[in-house]
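Here's a solo chain for you in structure tokens, the form predicted on its own.
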Amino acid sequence: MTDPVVLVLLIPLLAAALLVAVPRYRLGAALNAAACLGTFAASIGLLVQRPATGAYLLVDDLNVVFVVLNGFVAATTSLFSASYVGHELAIGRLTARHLRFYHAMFQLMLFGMNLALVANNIGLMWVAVELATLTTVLMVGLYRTPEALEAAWKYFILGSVGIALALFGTILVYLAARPVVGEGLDAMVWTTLLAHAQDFDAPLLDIAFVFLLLGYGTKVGLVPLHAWLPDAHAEGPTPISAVLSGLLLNVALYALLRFKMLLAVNPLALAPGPLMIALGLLSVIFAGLMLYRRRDIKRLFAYSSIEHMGIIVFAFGLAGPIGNFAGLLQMTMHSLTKSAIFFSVGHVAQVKGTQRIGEIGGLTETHPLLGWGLVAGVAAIVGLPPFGVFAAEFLVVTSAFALHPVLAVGLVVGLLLAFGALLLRLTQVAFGPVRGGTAAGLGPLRMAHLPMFAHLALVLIAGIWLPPPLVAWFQHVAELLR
């Protein structure tokens, strides 16, 4: 019987090689979705069958959270993608050649993200994050317009700077570990590093974490390292926006959390919490202010992603059982909610013929399912009860008030700024006078409703009732994160 972790890696890698040669759009879309569903099924297998830890691969309670979430969102995004890119092909924005490339890159990106999540070697994890980044760079520029190429180039340049900083931080971790665990592979194996981190040179470990925070923080989209993210969302295909917000940001966050754990066990190392809290709070307040200036609907939700990644990093910076639990819950709820919003926004832009907020109006009247889906998504993402985001943000805010009341006030201000901006734009887009196209009867649109409402249903259920096994699992992971 094949190890599930092998399937999690092998299915997308083989699918990428196959999809390059598939000439027909419908067959390529079907194979892409089937491969994603197979990868998700394999990730579920990791819940019941854990492979032995090796020098290169590791499966534990922490990364299983990320791998299962990765598999689920990738699977639903592939279903949405089939209808979305079908419409783009029909109107001539993309060609069959573009779609072969797109589907192959989608699977290669999924392979890179999964490899980063299950890598036990910190060098291999860095390579996998870079692979996932490069594939998304190529997909952001898929439309080949000047704006799309500029966004892809900006993403490549800033992402390369970030990944270079992360590489330097990784090398410093190796140098800190070498006197304790010896030369070679052992000084790169994360489980070995964690077992001996209390003996590492603390100043060297401190400097390493600063570089890692800046490097992987660029990928997370933290302010002031965020500039690539709004352009990448606005100019790339919408399924890639869903994957960027829902998955790739989480992968970079995961890498950061792994290194945070090393500092936590070294009594002489600096506490990573204050640095994470500072960048998280800055991201929340800055994104909340910038939301009022957005005129493009995809850029609007890109800044919302920056805000929410700030909340998540802030929560993990608080640490402790409640802070870490809140961070995990917020991360999960954000991934599900934001991808659902992009499922809606992608087709809204198609039926209205524009991404300009000022040219979109009356959505609940002209396209009720899309309109009300967007209303539910925005209600969830701003933290209105009874959605799961409310429960997560409530935990973050109450923990912050208990530990750092002054910082908690700043966090609440940022949340209220984002709340007001998103509701203001939602009122115009969903309930304002009818503006933009009113295209209806586009068959592929109907396929997008199921992934969107499936995500929103899960977020709603999580806000009302969390299954006890899931709570116990998150509590255990929160303790592992220290």
Partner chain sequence: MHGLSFDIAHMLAGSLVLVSFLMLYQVRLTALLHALALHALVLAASVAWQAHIQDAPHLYVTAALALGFKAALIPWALRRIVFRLGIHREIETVGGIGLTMLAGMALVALSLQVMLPVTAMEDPVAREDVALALSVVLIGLLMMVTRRNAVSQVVGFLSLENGIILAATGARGMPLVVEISVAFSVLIAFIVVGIFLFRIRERFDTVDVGALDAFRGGRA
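Numbering follows the first chain given and starts at 1. Everything quoted here is computed from the prediction, not taken from an experiment.
What follows is about the form predicted together with the partner chain, which we do not show.
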Exercise. Is every one of Trp228, Ala234 and Leu291 within 4.5 Å of the partner chain in the model of the complex, counting heavy atoms?
Worked result: no
For this session: Indicate whether Gln198 is a 4.5 Å heavy atom neighbour of the partner chain in the model of the complex.
Result: no
Exercise. Is there a heavy atom of Glu130 lying 4.5 Å or less from a heavy atom of the partner chain in the model of the complex?
Worked result: yes
For this session: Tell me, yes or no, whether Thr364 is in contact with the partner chain in the model of the complex, where a contact means a heavy atom of each within 4.5 Å.
Result: no
Exercise. Wondering, does Phe168 line up within 4.5 Å of the partner chain in the model of the complex on heavy atoms?
Worked result: yes
Exercise. Can you say which of 403-411, 117-125, 74-82, 368-376 gets within 4.5 Å of the partner chain in the model of the complex, counting heavy atoms only?
Worked result: 117-125
Exercise. Out of Met188, Ala104, Leu279, Leu256, which one falls within 4.5 Å of the partner chain in the model of the complex, going by heavy atoms?
Worked result: Met188
Problem set entry | Contact assignment for the partner chain in the model of the complex, among Phe286, Phe156, Phe325, Phe390, heavy atom within 4.5 Å | Phe156
Problem set entry | Partner contacts for 394-429, taking the partner chain in the model of the complex and a 4.5 Å heavy atom cut-off | none
